[in-house]
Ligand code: BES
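Have a look below at one chain only, the form predicted alone, in structure tokens format.
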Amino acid sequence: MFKCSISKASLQAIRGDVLVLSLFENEGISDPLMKEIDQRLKGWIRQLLKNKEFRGKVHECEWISVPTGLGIRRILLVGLGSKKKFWIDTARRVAGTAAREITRKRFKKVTILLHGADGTDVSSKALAQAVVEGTAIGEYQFETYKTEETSHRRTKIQSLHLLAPKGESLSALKTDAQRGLILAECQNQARDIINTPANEITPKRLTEIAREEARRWGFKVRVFDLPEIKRLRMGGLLNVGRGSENPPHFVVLEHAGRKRNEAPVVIVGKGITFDSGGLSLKPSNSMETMKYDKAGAVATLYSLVAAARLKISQRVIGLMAIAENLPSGKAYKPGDVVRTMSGKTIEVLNTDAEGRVVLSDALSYAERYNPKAVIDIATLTGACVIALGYDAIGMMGREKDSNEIKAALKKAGEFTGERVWELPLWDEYYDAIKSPIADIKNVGNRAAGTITAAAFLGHFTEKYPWVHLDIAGAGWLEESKPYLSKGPTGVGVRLLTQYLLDLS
């Protein structure tokens, strides 16, 4: 990850290869330093605007060669779009666009003038954090398995220097910029692990990564292997993992915070390191990306890493239910009845609806903490992609006890750009998963698949306030977006960490 520094905006503070200047659409030049730079360029930026060669449309980019004396090689103009539509994630997205342009040109040292807070609802502190996040997340590349050097290979940014508006506290801006760097690093580490294929990230290897991160950042970890899972009678996790030669694991993480005796927030993550569908086998084109079915557990792990690194005062427990869902002679079968840790029984109608089955035991385990809130995060249903596409996280919870958590997650989502959209979870939806031979069945009919999956989980969360986050769409992109490349997004890390920060 690059080094980040900050100073007051001045010509003397400009350094590196590239200076990034951002402009609103049809707003002209208002920033004092930008005006001074334009004078050095003999009015070149104003001329571009006058001739409409650069309009400031969101994500629009224009490179300018720089004469000697400014201490940089190039200026990159990038558009912020309409000032009326500007929000915190615009800054993040535009920074990501700039980062991709810069690394494509193979520049490494970047200075960015913080511009956009004046006349908007975005504070300079939030802007500093968002710009750092967008730059770091936007420059992300996963090239672990590439062995050939090519001329098309992008570089990595080595340093980012922020120029702060006059009148702003540098120490406050530095704190927020550093927070952005930590959060982006945690998200990118999550993306690395999700990107790593299942032949390398087995259930055991994922537990080893959890141990490594816990040792590095000073939070507690406990790993339950197969005998302990059997002792706990986690029938859901056991049965899903039965078809694989790699046995399931259950991981408990704990960030103590500053109030060790307070009721914790428990985050529960689905960690299917590979999902073939089991005996209800997926088609091959649906299976090829299923290394990403561990995204919920990985987001859980790196939310705990972020909590430890940021020294969040709230006590946090992370639970990772980890298994590999494969077909074999030992695999669980459609028609089986599974007894879970809670004692409730599940009629299995589809072995590809395995995520909710492993989460049933993890959610039951969460009871022992008497939590103030439980949030599960999972790539749970393809139906969520159909309902909400790739931009929103599906959010559900019981009306009577989860409204406060949902409101806090919605607020955190607006700040981080990892937005949630609530779907109803009325009593009527629970009827769809009633089983004639067991307590519940693991799938309903075709209607409202995302909601009935949440209703299934609701049977195991009756003793505490609970919210379910379905990241099946938001967790993996088929096409690149401004600061997120195609593939796993690491979604949930910044959302959950912001929720914890707000609680603290």
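Residue numbers here begin at 1 and follow the sequence given. Only a predicted model underlies this, so the values are computations on that prediction, with no experimental measurement involved.
FYI, the form predicted together with the named molecule isn't displayed, but the following is about it.
Colleague: Indicate whether G382 is a 4.5 Å heavy atom neighbour of the named molecule in the predicted complex.
Modeller: Result yes; G382 sits at the interface with the named molecule in the predicted complex.
Colleague: I'd like to know whether A472 contacts the named molecule in the predicted complex, with contact meaning heavy atoms within 4.5 angstroms.
Modeller: So A472 counts as contacting the named molecule.
Colleague: Is A353 close enough to touch the named molecule in the predicted complex, meaning at least one heavy atom pair within 4.5 Å?
Modeller: A353 belongs to the contact set for the named molecule.
Colleague: Although the named molecule is absent from this view, report whether Y369 comes within 4.5 Å of it in the predicted complex, heavy atoms only.
Modeller: Although the named molecule is absent here, Y369 would stay clear of it in the predicted complex, with no heavy atoms inside 4.5 Å.
Colleague: Which listed residue (E139, E418, E324, D293) meets the criterion of a heavy atom within 4.5 Å of the named molecule in the predicted complex?
Modeller: Of E139, E418, E324, D293, the residue with a heavy atom within 4.5 Å of the named molecule in the predicted complex is D293.
Colleague: Could you work out which of A448, M34, V443, L48 is the residue within 4.5 angstroms of the named molecule in the predicted complex, going by heavy atoms?
Modeller: When the named molecule is considered in the predicted complex, the option within 4.5 Å is V443.
Colleague: Heavy atoms within 4.5 Å of the named molecule in the predicted complex: which stretch in 284 to 292, 165 to 173, 311 to 319, 223 to 231 meets that?
Modeller: Single hit among the candidates: 284 to 292.
Colleague: For the stretch 246 to 278, I need every residue with any heavy atom inside 4.5 Å of the named molecule in the predicted complex, listed N to C.
Modeller: Contacting residues: K270, D275.
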